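Below you'll find only one chain, the form predicted on its own, shown as structure tokens.
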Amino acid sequence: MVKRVSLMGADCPVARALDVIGDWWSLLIIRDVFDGRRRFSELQSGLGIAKGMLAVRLRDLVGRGVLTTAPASDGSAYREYALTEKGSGLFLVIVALRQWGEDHLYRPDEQHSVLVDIETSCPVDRLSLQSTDGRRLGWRETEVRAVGAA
């Protein structure tokens, strides 16, 4: 088995982010917590992931400050998982992946789920990157520049 290399010391913020949430199980767990699944058993049955794998991923996400645990809301002896502020910040990442999947991975007539505005029941607008003056930006209109100490 290949030993996992940590990317937390990388210069690139994308590499550091992937060090925390880069495997598909972690992103699917985070998606399911956004969708209201809170208990180990709900996550395990919804994802079809092995219990040991889920336990490792949850422990890692809690350890990295993406999720936290709390006593079950119904007063039972169970623990529930909840997003921290850091974890909640991944909402746009999940939406971006969802929208990319909708745009590129389904046939036009293929049924799939969509994200809707609870107030209007209408699908949410497509995400877009905007400049500070409101212009829509694509990858050709941006570049990465170093900041901070050299």
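The model shown is predicted, which means the values in this text are computed figures rather than measured ones. Residue indices: 1-based, along the sequence shown.
FYI, the form predicted together with another copy of the chain isn't displayed, but the following is about it.
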Q) Is there any non-hydrogen atom of Ser88 lying within 4.5 Å of another copy of the chain in the predicted bound form? A) yes
Q) Is there a non-hydrogen atom of Glu102 within 4.5 angstroms of a non-hydrogen atom of another copy of the chain in the predicted bound form? A) yes
Q. Would His112 count as a contact of another copy of the chain in the predicted bound form, using a 4.5 angstroms cut-off between non-hydrogen atoms?
A. yes
(Q) Can you tell me whether Pro123 touches another copy of the chain? I mean in the predicted bound form, with a 4.5 angstroms heavy atom cut-off. (A) yes
Q | Partner contacts for 118 to 141, taking another copy of the chain in the predicted bound form and a 4.5 Å heavy atom cut-off | A | Ile118, Glu119, Thr120, Ser121, Cys122, Pro123, Val124, Asp125, Leu127, Ser128, Leu129, Gln130, Ser131, Thr132, Arg135, Leu137, Gly138, Trp139, Arg140, Glu141
